[in-house]
Every structure is written in C-alpha cells, then in structure tokens.
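Two forms of the same protein chain are encoded below as structure tokens; each is given separately, as structure 1 and structure 2.
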Structure 1
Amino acid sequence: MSQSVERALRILPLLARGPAGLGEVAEELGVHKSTALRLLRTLHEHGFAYRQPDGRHRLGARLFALAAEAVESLDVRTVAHPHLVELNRLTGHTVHLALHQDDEVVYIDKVESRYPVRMYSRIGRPVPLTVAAVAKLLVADLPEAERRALAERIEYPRHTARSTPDAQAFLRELALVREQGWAADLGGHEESVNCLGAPVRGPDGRAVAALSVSAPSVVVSAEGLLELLPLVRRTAETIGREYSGSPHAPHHDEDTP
C-alpha cells in the first residue's frame, strides 16, 4: 500500500470519533500540516470528508452513502452458504442458518445430512423460540429489556419433558447462552434430536444470524455432538469475518441496547 493511501485511510477512523482540526490530523499521522491538508483535500474532493465552517473536518456524506449501500447489498446467506456446505461435509449432519424477524426465528438456509434419517425442517419455516439452539442465540443477543419483554409475551409449549417451562427458566438459559457464546437443544424440541449452534456476528458485534448442526441421537449422542463445538464456532466466526469484511472475528460482550 502506498504511503499516501495508508495515511488517508488513517484519517477516517480519527474523523469517525468526531470533528478534528488540521493540527489534530497532522499529529495523528505524524506529518507536517501541509501534508495533512493535501490528504484532507483529496478526501474532500471524493466526498469522504467535509470541512465545517469552524475549520474542523468530519466524515463526508459519500462515506455514509457507500456504507448504507454495502449493508443493503450484503446477504448473509450468500456469504454463509459455502461454509455451511463445508461444515456439512466435515460432520455429515444437517446444518441450518437462521435469522430473527420480529418475534420469529426463521430458517433461511439448510444443508441436508448424509444419512437416511432426515430432520423435518425447511427454509422459511419459523423455529420453536424457546427450545431451538438458533433461536436461543438470536434472542439472547437482544438488549435486556427486549429479551425480557419477549420472554414475557411468548408461549412455552411442552414439546418434550426437556422443553423450557416458563419465562424465568428461559431468561436464565438466555443468560447462560450470552455468557458461553453458544447454545444447544438436547432433546427440547424432539426427544431423539440434538442440536448445537453458534452466532454469526456482524460488524458491530451483534448476531446477524445463527448457524446450527443437528443430528438424531441414533446417529450421534449428545456428548458426541458437543465435541463438534469448536468446529461449529470456528465456522460461525469465519462467516462473521467475511460478512463484516474484517480480518478479525466480530465480538460482542456488552449488554447494550
């Protein structure tokens, strides 16, 4: 990368923190003010920076327009699908990708298992909020007030003896999911089916989707499925990096709105 391009790119994070004067920009780059001014003028010409009436500089409208256009054109399913296929190849199990929409979590992609026993699930179908691993991951990522409000207004059907019984139990499980960074459904929806999932995080660290690996207990035990956790999490992190356009996996710890 040329020195001028590198310096110009370093200006953008500075301006993202707020308007900055020419002296601040020069100090941040470790260059003379004339060099900083030349770089700022180039950014101004292309709409990536704007000079305010008070002489300070801030990010330009063109940068926001490009960011909005990029987000609108980004399809997490397109990014994720090759990785879902590879996860299916490595494990042989059914792989799902899901999104949270309003009060529903919906499958948006599925790669079938290699064995004759198949899961009854399909793309576009909502999943059980209180038991499915992907649902727990996406609901757990909501801000606390939203999590609690959702937990209080949804129903808790008893699919099996292991199903989540009520709102308080659901909130406790969501807290655990947030803490550990993954979720499981061990016979909560169907006695004979286990599921293990991890979140796909976007540029801001929030979960934009969740993926899971599911298998009947006649094929692999719950303990055997849990051994795949590192692989499942690595796959989700890889998808998150590609989706975010970042060399590092997005991460989110804070319980912020």
Structure 2
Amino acid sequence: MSQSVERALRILPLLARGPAGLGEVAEELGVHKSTALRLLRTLHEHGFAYRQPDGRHRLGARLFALAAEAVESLDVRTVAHPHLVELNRLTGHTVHLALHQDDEVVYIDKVESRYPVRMYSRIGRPVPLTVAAVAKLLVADLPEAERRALAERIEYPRHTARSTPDAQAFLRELALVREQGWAADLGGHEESVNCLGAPVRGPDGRAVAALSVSAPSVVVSAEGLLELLPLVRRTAETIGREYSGSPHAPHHDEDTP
C-alpha cells in the first residue's frame, strides 16, 4: 500500500537475522543505496535500528521495549503468568500460553522447566496451526464459518507421520476439541513430544487464550501426560475466572488525561 513504509518494514526482519551493511540492505531491498540510507536513518531516529561502532546496522532497543510493552498490555498474560509458573512447578513440564491473531496463533508466554527464562526463544513465533494443541483450541473456538474458511485457506505441512493431513481431518479434529473442551498433540509436531492443552475463556465464554503443557515422551508417556488433564483444565479455568471477574485495572486506555 505504502511503498516507502513497506520497504522500511522489510528492513527489520533483515536486520533481525544479524547486522548488515548499507550495501547489503540496499541490494536485498532492490533499491538504491541512498534510498536504503534514508530508510535506515528514519528507523534509526526512532530507535528501531542502531548503528554499530563498525558501521553495520542492527535492530534497535526501541523494538525490544515495544515488544515488551505490548506483551505486557496483553492482560491475559499478566493474569495467567503466576498460574503458569505454578503449573510448571507442579508438573515440571514446559508450559505455554498462546493467543489468536489474524491467521496465526502465537505464544505469548512460556515457562520452561530447567532454564525458566529461555522463554524468549519462542515467544512471538507463530505456532503450527494444524497440530499444536493450543492452536486447535483457539481455532476450534472460532465461529463455524470462520473456522471452515480458515481450514480451507491454510496449509497442512507434514511435520511428522501423525500431523493432521488435510482440511477435512482438521475440521474433524476441531469438532472433537470443541466437544471435549481440551486438546492434545500427540507427536503431531515433533515425533517425540506430546502436548496437552485447555482453553482460557473470557467473560463471554469465548476462548481468549489457551495454555498447554508439553513433555517429551521419553519423560512421560502420552497416558501419563493425560493424567494431568484435570490439573491443566482447572488451571485454565482459574485463569479464565480471574481474568473475567477482573477487579484489576482493565486496560490503561484513557485518552485525554
């Protein structure tokens, strides 16, 4: 829609991969160096890019700050976090919290067993829609029409032999998930990893988020993991209740103070 903005935005993922010189950027964008320079300068002025001592460009701190601020303002996360930690403490497994945006499902929080803070690693990355437990939960909760449309639109990569193969199977799976109120991913994403998830419901009964526990099958069998179901569901419900009857500050979106 907007050429220059488009180009500027294309620079960001490029820099995310590692520092890059002006020439590289220009070539990658297919524009003249001077153009790239001006775009980078604009990014720079706003703190989205940063010029290393050696002259190469990196992503700037502003981006981290923004991402952090945005993630915080997703208030489900705030409410949920302590419960995720508790769930992690009780089970010892990795715990995820995910959200639905556009055609994507994204992790917005993660508590890992051994190194708790490694969470950054995946946060923000889209999760495979067709296999992940949290994704199935969130998609299953969409209105019929949207769900169908989405199912037709997306692709069905075969991560493993157990991955959902096509739209039809996916819709069947979603129906099941809807009915039972929880979801599992038994080796559908990575052969030897099982997940178990439950939806976090808002005041109107719609799923605002979903959480899951994941464990490699060498640690717990699928059956063993399923024993956690009551705990997982209870946790999700608790979060939902707390989120709905929020006696906290709702947002912070006053306009004119």
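Just so you know, these numbers come straight off a predicted model, no measurement behind them. Numbers follow structure 1, counted from its first residue as 1. For the two forms, the rigid core is made up of the largest set of C-alpha atoms that agree within 1.5 Å on superposition.
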Review point. With each form of the chain shown alone, which structure should be assigned as the form predicted together with the DNA?
Key: 2
**Study point:** Per-residue C-alpha change between the two structures, Glu27, threshold 2 Å, rigid core fit
**Key:** yes
Exercise for review: Superpose on the rigid core, then tell me if the C-alpha of Ala36 is displaced by 2 angstroms or more between the two structures.
Suggested key: yes
Practice item. Establish whether a shift of 2 Å or more occurs at the C-alpha of His57 between the two structures, with the two forms superposed on the rigid core. Key: yes
Revision key, fill the gap. When only the core is superposed, Ile11 shows a C-alpha shift between the two structures in angstrom of 55.7
